Structure formats: C-alpha cells, structure tokens
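Presented as structure tokens, the chain that follows is alone, the form predicted on its own.
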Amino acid sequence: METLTIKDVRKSYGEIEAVKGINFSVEEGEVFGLIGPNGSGKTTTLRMISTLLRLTTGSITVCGRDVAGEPDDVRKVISYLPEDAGAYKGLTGRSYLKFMAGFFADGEEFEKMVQKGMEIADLGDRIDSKIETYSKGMMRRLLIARAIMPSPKIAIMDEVTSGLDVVNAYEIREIIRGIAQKGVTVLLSSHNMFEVDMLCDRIAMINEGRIVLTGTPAELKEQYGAANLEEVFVRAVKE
C-alpha cells in the first residue's frame, strides 16, 4: 500500500525550475532514500511533501490526503526533521519533550507520548540536563524522539546523521531501523551512501530537478556494475 505518491511535481521560483516533473511512490513501512547532489532539488521536494512549500504543478498524496488541498490533514500524519533542526537550549530534554507533546495530546495520552519520547531518546539521567549541555549526538536523539513520539505515519528526515561521529551515527541508524520495524514509513535524505545502502529498502536519485534512478540498492549496483552506491551516485551524476 502506497503511503506517499508524487505525480508530475514541479516547483518553480520565477524563471528557475528547481523540480522538473518528478514521479515516485513510497510503500507503507518502507525506508525510502531520496539522494542527490547539492542543489538537485531533494530538500525542496521534502519541503513540498511536508507542506512547507507549495508545489507549482502536479500532485502529492500522503496517506490518501492531498498536500495542496488538505495540508492540515497531512500534517497530522507526518513528521519532518530538517538537517538544521534545533531545540530550546534553556530547557531540559524532558521539559522539551513535554512542551512538544502538549501540541498533540493531553491527559493520559500526553504522559504516554512523553514516555515514548524518552524511551526513543534513551538519554538516561541526561534527559534532565539542559539541552545546551548536550553533544550533537544527544541533540539528534532528542530531535528524533520529538519527531517520532506523536506516532506519525511517515517520518521525513533530512541528513539525520550529518556531522556525527561513527558511534553516534550507528546508534541513530539503529533508532531508524527500530522505527521502521514498528511500521513507520521513513523518507530519508542523506549524502552518506554507506548509510543509504545500509538503511534503505529502495532509493530514488534526483539530479538537476529530475528523478534519474529508482530501485533497490542491490538493483542499482547491478545496473551500473558498481561495488557500492557511491560509485553509482558519481557515475549517474556524470551521465
């Protein structure tokens, strides 16, 4: 069952066309990677799916809801974690999760949501430390918890391990695997081809505003006779 369908989507800024008629779909419970070089249109695409940008033409459907016509309904079933996301540094991790949960629930549901967030963040006693004392890895854990605790149908994550060390990146990938195993559809953007290969069931590559490749990592490596996705990426960009 498709949870996300993108048909003939274009996005223009005046005379500049950033996204040029792209098509792809994401299945329920899938980890789907949207990859591409800087300026390719991938972040613009994620922002259109997330209702933050209006598409110029075409259609985006999320869990049967039209992004252009039903944006409020779409926001109820998605979460979006941009690369540059931050949190209120004067709050503790627990207080931040409570603050964010207050937008979605109250009473017993509120308490359950906060507890779920703390379990995802897995920060131990540091959940009661101020966010300004957190490392980048701890901050990313907290932000992922914030994005997932409302139980979205689709979690959209842009460069989720960017700038993290090997251990923190590994731990974040394990969190994402756990999310997907519980039925959350994940739309992931990353420049880390090792990460994409490890995490994604399928990928689409966007270049100069167009989708140029779609398939499983194994299929694309076989198609290009490549040892890894990094080689596929480089050769596809140069074609």
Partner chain sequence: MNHLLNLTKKELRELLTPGAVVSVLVMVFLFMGIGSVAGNAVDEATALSKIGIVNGDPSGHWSEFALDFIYEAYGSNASEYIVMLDTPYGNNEEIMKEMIEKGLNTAYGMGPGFTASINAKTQTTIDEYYIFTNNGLLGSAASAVSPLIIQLISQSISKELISTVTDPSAADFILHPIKDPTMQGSPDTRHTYVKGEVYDGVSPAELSAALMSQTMMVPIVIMMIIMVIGTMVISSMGSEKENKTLETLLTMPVRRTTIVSGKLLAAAIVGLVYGMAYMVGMSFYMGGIMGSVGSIDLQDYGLSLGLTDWILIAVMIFLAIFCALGLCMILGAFTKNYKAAQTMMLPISVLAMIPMFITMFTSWGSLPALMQAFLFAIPFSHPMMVMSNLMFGNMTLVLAGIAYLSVFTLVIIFITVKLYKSDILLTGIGQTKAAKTFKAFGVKRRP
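Quantities reported herein were computed from a predicted structural model and do not represent experimental measurements. Residue numbers count along the first chain shown, from 1.
Not pictured, yet referred to below: the form predicted together with the partner chain.
Not displayed here, the partner chain is kept clear of P152 by more than 4.5 Å at the level of heavy atoms in the model of the complex. By the criterion of a heavy atom within 4.5 Å, S40 is excluded from the residues contacting the partner chain in the model of the complex. Under a 4.5 angstroms non-hydrogen atom cutoff, the partner chain in the model of the complex lacks V212 among its neighbouring residues.
Residue contact with the partner chain in the model of the complex: I144 places no heavy atom within 4.5 Å of it. The chain is drawn here without the partner chain; in the model of the complex, the stretch among 20 to 28, 226 to 234, 212 to 220, 6 to 14 whose residues come within 4.5 Å of it by any heavy atom is 6 to 14. For the candidate set R173, R65, R47, R202, a heavy atom within 4.5 Å of the partner chain in the model of the complex is found for exactly one residue, namely R47. Site annotation in the model of the complex: the residue of K136, K98, K116, K89 reaching within 4.5 Å of the partner chain with a heavy atom is K89. Shown here without the partner chain, the chain has no residue in 199 to 213 lying with a heavy atom within 4.5 Å of that partner in the model of the complex.
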